[in-house]
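Just the one chain here, the form predicted alone, laid out as structure tokens.
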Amino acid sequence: MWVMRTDERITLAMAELLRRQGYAATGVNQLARAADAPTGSIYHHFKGGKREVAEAALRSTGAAYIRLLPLLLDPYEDLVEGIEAAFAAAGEDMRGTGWANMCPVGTVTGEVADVEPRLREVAGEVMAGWIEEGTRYLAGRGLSEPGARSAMYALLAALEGAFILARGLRSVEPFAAAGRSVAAYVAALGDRAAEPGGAIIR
């Protein structure tokens, strides 16, 4: 039977705490309780303490989140339809968690970018990775490389904004509106790609 290592439990617990309450509100003792680990084990595995755990959590959640892109969109032959459905699913997931299911990368970036420059750098690396991997995926679905890159920026900006608005308003409407907007933008990019000599969006 597979058993999660202590450092993995600590990283996972930190990701969950960042998602729900941000970096400043998360203390080492609370993290230890959430990870079901002695406080000393945090410093054993992460010499830099809370900040180093947060870095690991941002990287691990960032890697997990970008893997959701093909999982959510591959079932749809029509990319535009898939994007709208993915935003709707994100909204329902957030509602199902009592409006707590924020993106930890976006949450930390907005919270501590000016006071924790190392965390801002890590978050920036994660976001840059999202853009690169997402661009490759969308290009594989028929968009031009510049169009795919632009679409990925639009998708991420709309999604992160929808998280904030939905949490404040306690409504899935921001996700629905954002999904429609991004889907329309991608459809327009697809129309351009489908012009003579262009690829077919799928």
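Residue numbers run from 1 along the displayed sequence. Quantities reported herein were computed from a predicted structural model and do not represent experimental measurements.
What comes next is about the form predicted in complex with a further copy of the same chain, which does not appear here.
- Among the residues Tyr65, Tyr153, Tyr137, Phe46, the one placing a heavy atom within 4.5 Å of a further copy of the same chain in the predicted complex is Tyr153.
- Of the candidate stretches 53-61, 37-45, 137-145, 160-168, only 160-168 has residues with heavy atoms within 4.5 Å of a further copy of the same chain in the predicted complex.
- Residue contact with a further copy of the same chain in the predicted complex: Glu77 places no heavy atom within 4.5 Å of it.
- With a 4.5 Å cutoff on heavy atoms, Val115 counts as touching a further copy of the same chain in the predicted complex.
- For Ala177, a non-hydrogen atom is located within 4.5 Å of a further copy of the same chain in the predicted complex, even though that partner is not displayed.
- Taking the partner from the other structure, a further copy of the same chain in the predicted complex has a heavy atom within 4.5 Å of a heavy atom of Gly106.
- Using a 4.5 Å cut-off on any heavy atom, the residues of 19-44 that reach a further copy of the same chain in the predicted complex are, in sequence order, Arg20, Gln21, Gly22, Ala24, Ala25.
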